[in-house]
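A single chain comes next, written as structure tokens; it is the form predicted alone.
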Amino acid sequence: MNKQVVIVGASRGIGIELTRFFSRLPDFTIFALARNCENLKKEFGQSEQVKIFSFDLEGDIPVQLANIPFSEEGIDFLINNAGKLVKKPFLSLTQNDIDSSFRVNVIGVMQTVQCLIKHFDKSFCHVVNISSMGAYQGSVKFPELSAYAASKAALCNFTELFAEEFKSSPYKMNCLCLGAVQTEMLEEAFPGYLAPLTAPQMAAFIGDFTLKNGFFMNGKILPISLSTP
């Protein structure tokens, strides 16, 4: 039976590696959503398995998602991988810096789930939100990441609240707080730092977690890290 996975933020780093991970599995259709689809089209433009759609979390989310032809079979997995990094001293943050960080990192995710829940498979759907170790309570914090970490912490809180409200439903939601992974975003946050994990390694972990753990946990905030940062 064909399974459907929606990956938001699928164009680079962990996102494109997740697209590759699921494209290697039989009987999977991947809806790859990204603001910039150039990389996806270069690699998967001829694929019948990977459906590519432009999607901007700062845009009109209901309108954008209404134009995507999701199958009637229902979405089995949703990975909210997109994120926006603003690195600035706290006193230099503008209203737009703060607004856009929360818009992409939590508000857009909430609206995406609101719009897609009617397309979820009626028997089971596992939603995985991708947060950061900087958002995990009690973890080491770093300067100039207030907007990013605070918005990603809100994503953790949303995960717990959704799980509580829908605990009697077949829909499960968990959140992974990732430590350092060698991606473009890490280079922006910590220039020159060499992460202990590659994007393909982390994508394989997230993919496996998404497939297996919705049956065993709900509303969990899990730190996934080998290092500080």
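Bear in mind the structure is a predicted one, so any value in this text is a computation, not a measurement. Numbering starts at 1 and follows the sequence shown.
The same protein also exists as the form predicted together with a small molecule; that form is not shown, yet it is the one meant from here on.
For the candidate spot formed by Ser132, Leu178 and Met185, every residue has a non-hydrogen atom within 4.5 angstroms of the small molecule in the model of the complex. Not displayed here, the small molecule is approached by Tyr148 to within 4.5 Å at the level of heavy atoms in the model of the complex.
Not displayed here, the small molecule is kept clear of Ser169 by more than 4.5 Å at the level of heavy atoms in the model of the complex.
The shortest heavy atom separation between Val104 and the small molecule in the model of the complex is within 4.5 Å. In the model of the complex, the small molecule lies farther than 4.5 Å from every heavy atom of Gly207. Stretch-level contact analysis of 28-36, 160-168, 66-74, 42-50 against the small molecule in the model of the complex, using heavy atoms and a 4.5 Å limit, identifies 28-36.
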